[in-house]
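Here's a solo chain for you in structure tokens, the form predicted on its own.
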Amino acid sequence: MSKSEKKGKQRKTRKAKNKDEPAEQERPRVGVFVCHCGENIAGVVDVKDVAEFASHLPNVEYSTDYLFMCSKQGIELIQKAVKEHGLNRTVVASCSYEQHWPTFAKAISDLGLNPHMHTQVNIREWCSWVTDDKKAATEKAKRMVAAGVARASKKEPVATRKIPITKRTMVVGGGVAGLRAAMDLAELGIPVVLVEKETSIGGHMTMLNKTFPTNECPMCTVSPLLNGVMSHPDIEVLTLSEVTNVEGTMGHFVVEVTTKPRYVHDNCTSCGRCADVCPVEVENEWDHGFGMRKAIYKPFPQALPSVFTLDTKHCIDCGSCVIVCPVDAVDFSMTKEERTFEVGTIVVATGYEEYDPTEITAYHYGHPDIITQLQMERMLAPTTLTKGKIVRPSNGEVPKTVVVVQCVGSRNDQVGNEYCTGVCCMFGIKNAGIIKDHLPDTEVYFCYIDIRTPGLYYEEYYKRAQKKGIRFIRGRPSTITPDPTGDKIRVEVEDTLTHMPMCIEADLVVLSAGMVAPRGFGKLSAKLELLRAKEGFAKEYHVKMGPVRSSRDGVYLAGAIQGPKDITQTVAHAGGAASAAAQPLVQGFLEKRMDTAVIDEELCISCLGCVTTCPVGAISVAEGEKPKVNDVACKSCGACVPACPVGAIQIRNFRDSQLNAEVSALLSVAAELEGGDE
């Protein structure tokens, strides 16, 4: 029998013993392609030596190296080798699986091969980036390539299914990020459910007096978006609402939303008569201590929905509001409402909170004349108690000396926030400049660690503030102490540029508090099964290539919930999140790779270990039947495999036989290399 005839005989396949066992494939013909990655890999790993070593491995028909395998030329090199050498499996030794498996899988798929016959071996993060020892890195790369080839030789083709998707999105959070995302989605013809926990939409942007670098009115900027969202036929706005449960997977989420009663119906005309007669007056939370409201109220004049809300916590049940309402909108019998929505994707845009400086005891936040930047914004607003005038909250007098303190609660290891908020410099410079504009004779000091103004027109904005006469001091105050014998506030700071200690007697201190993840986000992230960074913000899929994707498929991140951002960055980020969330909905289906769990019913003893272990509920069992795997829900995480006492459940292309071959090759080559050294 000739050599070619033998190969033809070897390529014949046999049927599997049962539907869960992979059929024997034609003889593996593996191509190995080792990437230089410029100097990222080749600077430490001898890639030519690795490629030469791979050429002698079992089942390897072709092996080579190239400067950039992921380039157009590199892809063409792989495709040419597949054609010329009859390769039915490829192994690329380069960067991470997440970054480059799709690239090379598509390259062989375009030639008619199953994309799952490609194996990615990461010799960058695991070899060249972890040592400067070239010999050790090269030997480890050889071991890993050998393991990859062994596993590739046992790989099985895996199908890809097209799964219909629910064409609707839920946006959680009604700040500027949520509004932008909702509008962008709706403009694509995708129905949107917008869920906001507060009484109105708009978020922090509606609390601001001016925005940098143009000092324009934020309400004038955001009002068209607010009104557009409220009036859009494809957007349903739910205020006073929270997500209480999330089930399902990307394409088919089932979300439960609980809406608290407003005690005022939507036919409210916002005439304000109810508030006029209400005898109760309390602090308006929206004004951060610089405004008052009634027990029945709208948080601010332009609030949307333009409907009053009854605060039952402070209401004394006098009934005056019911009597004077001309449209009988006030209704004390309203109760909470629970609704369920089916959506294909979810956008999380729950924003941020201002850091509470109370825990920095040396700054004595809580004193009436020591305030934060958001409080300063409300002081400057014309609709609050101060009517836009800059005064000392303690006595209403005009301050003669104001100190602005940067990096309060950020860039601070002691409070656990090492990150730079990135917005505070411009925020503080803006308000320091406005103070100087309003009160030219007032001394304004600006205490900072570093001035950070990355952005178009930001540096110019900073220079204009310097020209206004603001005194910039490079140093963070050690203590801020109200003088017990007078009405001044002593700010002790060292100017690190001149090495001069200073004690400034201030009338008003403004703290630029950092941006932190919102309280309560932990509960929401748990319901959505999202990973969080150590700082508390939602963890993105990839810091560079997937900043709007979350750790869970189908859930996307918009704005400051992914990390501190200014308004410009937030709007851009929200647009990206909307685009990512819309893509599968516009397409109309999901492409799901079926490298999922499979159960051998002949081995299964129905112990239900896999059912209880599965973190996404992808395995279920009907009475009198064996457990079944929902391929759509399965995340291929493998948690079920060790839970099975008889090995009845396996992951396609992560089967024990495939992993054993990989480990055996790894150990075998390691022994050979060690023996060679001896």
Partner chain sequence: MIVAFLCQNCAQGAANTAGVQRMRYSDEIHIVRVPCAGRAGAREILHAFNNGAEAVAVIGCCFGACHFSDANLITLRRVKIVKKFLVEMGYSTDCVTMYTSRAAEGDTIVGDFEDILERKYDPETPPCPGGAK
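Positions refer to the first chain, counted from 1. Keep in mind that this is a model prediction, so the values were computed, not measured.
Keep in mind that the form predicted in complex with its partner chain is not shown, yet the notes after this line are about it.
Its partner chain is not shown here, but in the predicted bound form it comes within 4.5 Å of a heavy atom of K635. Among heavy atoms of G647, some come within 4.5 Å of its partner chain in the predicted bound form. Under a 4.5 angstroms non-hydrogen atom cutoff, its partner chain in the predicted bound form has I651 among its neighbouring residues. Shown alone here, T613 lies within 4.5 Å of its partner chain in the predicted bound form, counting heavy atoms only. Exactly one of the stretches 161-169, 195-203, 539-547, 394-402 approaches its partner chain in the predicted bound form with heavy atoms within 4.5 Å, and it is 539-547. For the candidate set W129, F341, F300, F472, a heavy atom within 4.5 Å of its partner chain in the predicted bound form is found for exactly one residue, namely W129. Between the options Y457, Y97, F332, F589, the residue in contact with its partner chain in the predicted bound form by a heavy atom within 4.5 angstroms is Y97. In the predicted bound form, S551 is the single residue of 544-569 with at least one heavy atom within 4.5 Å of its partner chain.
In the predicted bound form, the CA atoms of Y541 and N40 move apart by 3 angstroms or more relative to this form. Between K544 and A141, the Cα distance is greater in the predicted bound form than in this structure, by no less than 3 angstroms.
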